[in-house]
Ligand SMILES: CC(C)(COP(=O)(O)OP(=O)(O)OC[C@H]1O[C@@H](n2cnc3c(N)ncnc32)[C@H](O)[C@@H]1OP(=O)(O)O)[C@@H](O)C(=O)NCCC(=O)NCCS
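Single chain ahead, by itself, as C-alpha cells, in the form predicted alone.
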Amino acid sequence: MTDTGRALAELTFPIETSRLRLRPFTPADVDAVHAYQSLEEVARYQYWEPRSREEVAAEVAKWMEPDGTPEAPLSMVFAVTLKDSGALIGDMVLLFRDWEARQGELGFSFNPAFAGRGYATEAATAVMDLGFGHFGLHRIFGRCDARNDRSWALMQRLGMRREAHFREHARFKGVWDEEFYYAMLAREWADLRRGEA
C-alpha cells in the first residue's frame, strides 16, 4: 500500500474541532445542502447557478462516491456540522492536485445563515491540518473571484498569502473573470500552528 493509500485507510471520522464535526456526506444531507446551494448569494461566485433539489441530490451522491483510486484520491468532500445540534452548515473540499509534488487545493461553501461566527475558519483550519499533517502535502492553495471578499478574507485569516491576481484571464458568467490565488507551505503552517499553541 502506498503512503497515500495508508493515510486514507487510517483516516477516521468524524474530524472534530471545538464546535464542529466534519464527516462524509449521506443522502440525508440533501435538504440542508439545498438550503444554501439554492441561494443566489452562494452561487454568485461558483461555477454553477443556484441548484434545484434534484441537482443538489446528484452532487451529494458524487461527494459520497470514492473519487480517483485508493492510492491517489482526487478529492475529499466533508460535511461541516455543528457539534451541539448536528446541523449541517457547509461543505469543505480538499482536492489533491499533484501527488508527486504534494499539492492540494482548499475549497468551501457555507450557508450564509451561519456566517460571522468563525465556523468557516474553524473548519478550514481542520482541513489544512489534515492536508499537511495526515496527508503530508507540501503546499495547499485556494482561489476565488476577486469580488468574493468573504472567500479571500477567510484565506487571509488562515495565514495564506496572496500569490497571484489574474486579471481578465477567463470568461465567467458572461463577464471577464478576476481571480485571486492564495497559498501556504507545510513549514509555514507548522510555524503558524506552533505560534498559536
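Since the structure is predicted, the reported quantities are computational estimates derived from the model, not experimental observations. The first residue of the shown sequence is 1; numbering continues from there.
Keep in mind the form predicted together with the named molecule is missing from the figure; the text below concerns it.
When contacts are defined as a non-hydrogen atom within 4.5 Å, all of 19, 116 and 148 contact the named molecule in the predicted complex.
A heavy atom within 4.5 Å of the named molecule in the predicted complex is found for exactly one of 32, 144, 60, 130: 144. A residue is said to contact a partner when one of its heavy atoms sits within 4.5 Å of a partner heavy atom; residue 56 fails this definition for the named molecule in the predicted complex, lying far away.
Proximity of residue 65 to the named molecule in the predicted complex: non-hydrogen atoms within 4.5 Å are absent; the residue sits far from the partner. Though the partner is left out of this view, residue 103 does not reach within 4.5 Å of the named molecule in the predicted complex, counting heavy atoms only. Residue 121 belongs to the set of residues with a heavy atom inside 4.5 Å of the named molecule in the predicted complex. Annotated contact segment (heavy atom within 4.5 Å of the named molecule in the predicted complex): 152-160, selected among 22-30, 166-174, 131-139, 152-160.
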